[in-house]
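Form predicted on its own, single chain, as C-alpha cells, below.
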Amino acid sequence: MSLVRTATGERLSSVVLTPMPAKVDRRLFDKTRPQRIVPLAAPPAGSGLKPVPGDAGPPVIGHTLSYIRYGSAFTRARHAALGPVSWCGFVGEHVVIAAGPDATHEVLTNPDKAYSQDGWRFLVDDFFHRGLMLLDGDDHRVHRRVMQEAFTAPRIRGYVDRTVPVLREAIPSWPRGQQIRIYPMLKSLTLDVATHVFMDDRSGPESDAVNQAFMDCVQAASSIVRRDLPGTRYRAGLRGRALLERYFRAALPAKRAGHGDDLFSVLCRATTPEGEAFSDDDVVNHMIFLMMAAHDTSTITSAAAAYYLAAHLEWQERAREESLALDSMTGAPPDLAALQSLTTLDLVIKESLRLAAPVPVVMRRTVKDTALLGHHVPAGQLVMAAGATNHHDPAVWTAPDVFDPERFAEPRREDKAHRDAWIPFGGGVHKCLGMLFGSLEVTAILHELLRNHRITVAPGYRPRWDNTSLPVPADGLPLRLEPLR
C-alpha cells in the first residue's frame, strides 16, 4: 500500500498501486499511472466512504487521446494503477471509471436508481436522439416492451432467412489471391444486410451516402470540439443525422400502410397488449439507432473473428470442417437452427467478443449521490462502465490475453465465474435486445467465408484499433483470401 499525497497534500492511504499487469504496454502503464492522485470529491462527513482517486490529465482534453489510441488497454492500465473505481479527465469532464466485474455490476444493475442514461445523451443525443439506449425509467420500459415485438423468436428466424441469401450472393465473389482490407468490405456487407432485413430494400444508389451518414454520426459522438463549426466531426454528424431522418421519413408512410415483415414495418405496427405503440418520430429515432447498432457492431465482431481465424489456422480448419459438414448434410442455405449447430464458430465468436469487444464501455450519469464499492460518487457525475476491462481480469480468465475459445466450452465455462465477467452486450435492463440476431448474423458471415475462402494473415501482424468512436481497425484489417484446396 502506498501513502500517496494529493494536490492539496492529503494522504490517500487507501489507494493500492498494483504492479503492471501482463500484456499491458509499460509505456502506456507509466503514462496513465498518476504520480499525483487527486480525490474527485470529498465524501459526506461520517459516511465512511472513500474519495474516488484519479487525475485530470492534460488540460481540457484530459486523457481523451490516450483512450482513443489505446481503448480498453487504457482502462486496464487505470484499473491496475488505481483499482476498480477511479476517475480521469475525458472530453472536457471528470469521468469515474468503473472497471472489473464487481464495479460494472453495480453500475449496470443500478440497484438504487442512481445511474441514468444521460451519460450516453451527453455524447450521442444529437445524433441518435431517443434511441432505446438513451431512455430511462418508465419511458425506457414502454419503448422496450414495444420493441420486443420486433425481436421475438419467429421474427428472428425471418431475419436470418433474409440475411443468408445476401451473404451467399456477395461473399463468394470477394477477390482471392491478393491482400484485401476486410473491414470496409464487411461494413458494406453488413449495411446491405441491414437495409434488406430492416427495410426490405437492397442497397442502391443511396447506400454510400447512408453508410457515410452513419459513420459520421458515430464518429461525431466522441468529438473533442462539440460545436457546429466548419470542418468538424460534430458538423458532419449533425448533417448525417439530418440525412438519415429524411431517408427514413420518406419511407415511413409506405411502411405504415403495408404488411411487410422487415424490422421497419414491424416497428410501425408493433403494439403491446396494453395498446402501447410507436409514433412516427419514435420509429424514425429507433431505426436510426438500430441500423447503426446492428451494422457497426456486427462489422467489428466479424472482422475481429476473421482475424483470429486467420491467425489461428487450427481453429479455422476446425470451424470449416463443421461448416462443410453442415453443407453436405442439408444441401440448403442454413436456417437459425443450422447456424446454432456450428459450435466451433460459436466459441470463436465469444472469444473474439471477449478480446475485441465492439462496445468496450457504456456511459451513465448519476442523478443523486451514491456509493460505488465503498467510494463516494456525487450527483451529476459522468460514469464509464468499462466492461472490456472485465474480459481481461486474471481473477476470472486463465491467461486472459491468449486466444483460447475453449474457455467458453464445458466444463471450463470461465465466463460463468462472475455474472459480469463477460458482458459484450451490456447488462441490466439495457442489455442489448438484438444480441441473438447479431450473433447469428456474424455466424452466418463467417460460415460463408469459411465455405468459400481460406483466410490468411501476414506473419506477426497485429491489428491496431482506433477508438475514436467504436473500435475500428486503423488500417482496415489486411487479410488474404485464398481458394479452398
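We number the residues from 1 along the sequence you see. Note that the structure is predicted; figures quoted are calculated from it, not measured.
One more form of this protein should be noted, the form predicted together with a small molecule, which is absent from this view; the next part is about it.
Of the heavy atoms in residue 364, some are within 4.5 Å of the small molecule in the predicted complex. Proximity of residue 358 to the small molecule in the predicted complex falls within the 4.5 Å heavy atom cutoff.
Contact check for residue 57: no non-hydrogen atom falls within 4.5 Å of the small molecule in the predicted complex. The small molecule in the predicted complex comes within 4.5 Å of no heavy atom belonging to residue 389. Note that among 125 to 133, 312 to 320, 245 to 253, 373 to 381, the stretch whose heavy atoms approach the small molecule to within 4.5 Å in the predicted complex is 125 to 133. Using a 4.5 Å heavy atom cutoff, none of 174, 180 and 307 lies near the small molecule in the predicted complex. Site annotation in the predicted complex: the residue of 429, 49, 68, 61 reaching within 4.5 Å of the small molecule with a heavy atom is 429. Checked against the small molecule in the predicted complex, the candidates 140, 226, 94, 157 yield a single residue with a heavy atom inside 4.5 Å, and that residue is 140.
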